[in-house]
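Take a look at the structure tokens below, where one protein chain is shown in two forms, each on its own, as structure 1 and structure 2.
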Structure 1
Amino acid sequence: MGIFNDLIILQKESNIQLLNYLLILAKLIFITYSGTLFGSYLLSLYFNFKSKKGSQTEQLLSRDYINLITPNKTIAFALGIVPYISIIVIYAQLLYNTDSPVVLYLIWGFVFFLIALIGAYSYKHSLQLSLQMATISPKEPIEEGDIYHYTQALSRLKARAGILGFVFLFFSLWILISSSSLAVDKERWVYADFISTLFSIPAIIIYINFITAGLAVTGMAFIVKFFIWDKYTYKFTPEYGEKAQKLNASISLFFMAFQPIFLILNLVLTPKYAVSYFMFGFALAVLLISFYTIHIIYVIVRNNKMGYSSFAFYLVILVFFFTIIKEQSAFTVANKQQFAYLADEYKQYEEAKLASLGRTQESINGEELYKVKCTACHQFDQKLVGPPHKLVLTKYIGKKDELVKFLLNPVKVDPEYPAMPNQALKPKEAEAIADYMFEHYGPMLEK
């Protein structure tokens, strides 16, 4: 991260919170887009390989899958490139001045993603051209050898571009997912190299979850795109339409069934210091919506109720959305101290800037903060809602930094008392309260 520090603009506390929200938005856009791109690309390659036996239906499926998420390059730029760059920039801001290699890995992932897009669009155009060549009956006589060699060269280009692009896409998304997983597990920052980051168990589990979710959303997106949104412009035979809709609903149902399993595995593998009630709340929402979505898609497959496809599609997107919020909640909780440090760095920068202009900020009054934040639940030598501070301070003699950390992020310590609510203190405010407590009550401890 050191090479990026000179490019970072220090942010105040409210902006740090805003960056977390923007990271959720950027990930929602990119993960949904890239998941659908992955699923449609994989299925297009699969049916293109099967179509070598001469099946026209499989050729059309191959064409339609790659057209699903690559209608034009503007889509790739708006839903792929811009959100990925945003993710890199936001992580660089939030992980400023840490040992985390997350941003460096994400940059490599972005380079792979750009190559993957080039491969995907090259594959798409060569596939369309080969399908056109197969249906053209030339009016002028052309040597059979020329046609044969041209179509063979086109077929090789299609295969190479398709496979190469998909390989780069596979690794670029693996890097993104594993880097996001590493950002949550801060204890691994010091020793996590590139290979161990990719092959960590949480990263592999989350990536497989991403692949299955991407295939689930691809199935529903195919039906919605071609048979609902474009039903007046998309030309297809009744036989092809019935087969394509049934196939994609079945694909979506099969891969959607894995989501509850991966959700539970993900919760088990989340570091304890990243867990919160907020995260569990969204995990429960993901679980309930997943089961309901599975039921809706089952009705579509079982009773051929394709009219429900739009509803099922939006439910799958909602599962993506809540899953991303759940993951970002874990990231936020795990990096509370880092965000407090960033806010403090900004405050110091602001104070230095004001001092250079001959202005000063008001000093923080620890006594006033103590009376506002603490006296409702604590007294020095009497038990109220919380323990008396006479007992508390005894534990922190010579450990002021630990008291400050507790004030910034309180946790349940004594089972006889309820957990102390987070007072949303800034680092300097927590330090001022700790100083006041030791200065005011410290002499009383010796009596």
Structure 2
Amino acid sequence: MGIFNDLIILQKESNIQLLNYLLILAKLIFITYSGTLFGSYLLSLYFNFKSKKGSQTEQLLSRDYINLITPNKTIAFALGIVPYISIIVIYAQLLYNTDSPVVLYLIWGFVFFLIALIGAYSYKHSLQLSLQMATISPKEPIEEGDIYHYTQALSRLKARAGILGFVFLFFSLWILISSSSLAVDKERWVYADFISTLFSIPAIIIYINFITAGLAVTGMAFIVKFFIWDKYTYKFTPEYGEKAQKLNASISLFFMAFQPIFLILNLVLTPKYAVSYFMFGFALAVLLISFYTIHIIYVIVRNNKMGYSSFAFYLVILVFFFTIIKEQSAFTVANKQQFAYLADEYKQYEEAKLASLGRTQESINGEELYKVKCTACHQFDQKLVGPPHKLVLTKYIGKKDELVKFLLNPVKVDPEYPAMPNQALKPKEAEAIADYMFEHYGPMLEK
């Protein structure tokens, strides 16, 4: 991991805390986005496959699912690529100088994710093409080299890219989730290889949890996006509308029902040293909100109360968010020692930098301090307010500690003089002054 170590900017303790928060934020964005991408991509492929038997509804569903999460390319950039890069960079910072392979795996996951995005957008395009073609039927028999022919071939090619893209998405998210789970379980770092990381039991359970949660979000997002937000621009027949709403509410309900089970499994499998009260609190919150959400979606499906969909959608997102925060808290707790180490590294680095510039952090100039703090009352060979240093210093020769002690806490010595006021020196300053005095006056005292 040498290349990464060179790119790391060492961070102060407070910044490490901040990085942990930013990691949570990036994950909230990326995981919610990619969960919905996964769910809608999968459902789109599924209905596209089913529509081969010639059902218009299924073809439309297939198109709408993929349009749900790929409305334009900016979304993929802002909610996918940028947060993913942030996640990698932050992990690289936080796991600096550990033997964890997390960052390396994440980079692989990112490459897969990019390929998956290309696949998703090509696939979306292929669906549009085939829907357009369904409306224009060629009048003349299709010939080799015909535009229509080309379009058809292109559409087929892009559809294949769609399946490939999904496979890449599947692996990219699996890599992300299993690496995040590895980041929590530092006891595995030494011996974890790529395959064992992917197939570790906690990773697989979190991944299945992620997939089911993604499908639950997709169902609600579909209803909210097309039938609430885009109510006036989205064109659909009443039958299709009713079918699509009912179907999506049912999908959401079905997959929401798994959430409490995964939550409990997850808690059981978290390494002991990563568990905290905070995490339990969040787990409990997720559990309660999950039950409530399941109830609301049940009402939607049962009584066809689509008006509750927005509310249910935000609840599902909340469950998603809380689950992610809970996972990340395990990471923060498990790596406390590592963060303390990083803060320490930063201190050493700062000190080394200052030293290289010729001043240590405690760079205290004895001469300067002496001139500012002492010369008002002391001269070497003249009596001012205090006794001349020529007379009093001799008894301190070879007893620097005692001089320092006196300077830090002057006691009454000579009845000829008033007591010396405390100069409020710090121990290091007193020492520097004592050093200066011996260095500067020492040779003159000898004579």
Ligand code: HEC
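Between two forms, the rigid core is the largest collection of C-alphas that superpose within 1.5 Å. Residues are numbered by position in structure 1's sequence, first residue being 1. In this text, all values refer to a predicted model and were calculated from it rather than measured experimentally.
It is structure 2 that shows the chain in the form predicted in complex with ligand HEC. Once both forms are overlaid on the rigid core, the distance between the two CA positions of Leu369 between structures 1 and 2 is 2 angstroms or more.
With the core held fixed, the Cα of Ile16 is displaced between structures 1 and 2 by less than 2 Å. With the core held fixed, Tyr46 shows a CA shift below 2 Å between structures 1 and 2. Core superposition places the C-alpha of Ala430 25.1 Å apart between structures 1 and 2.
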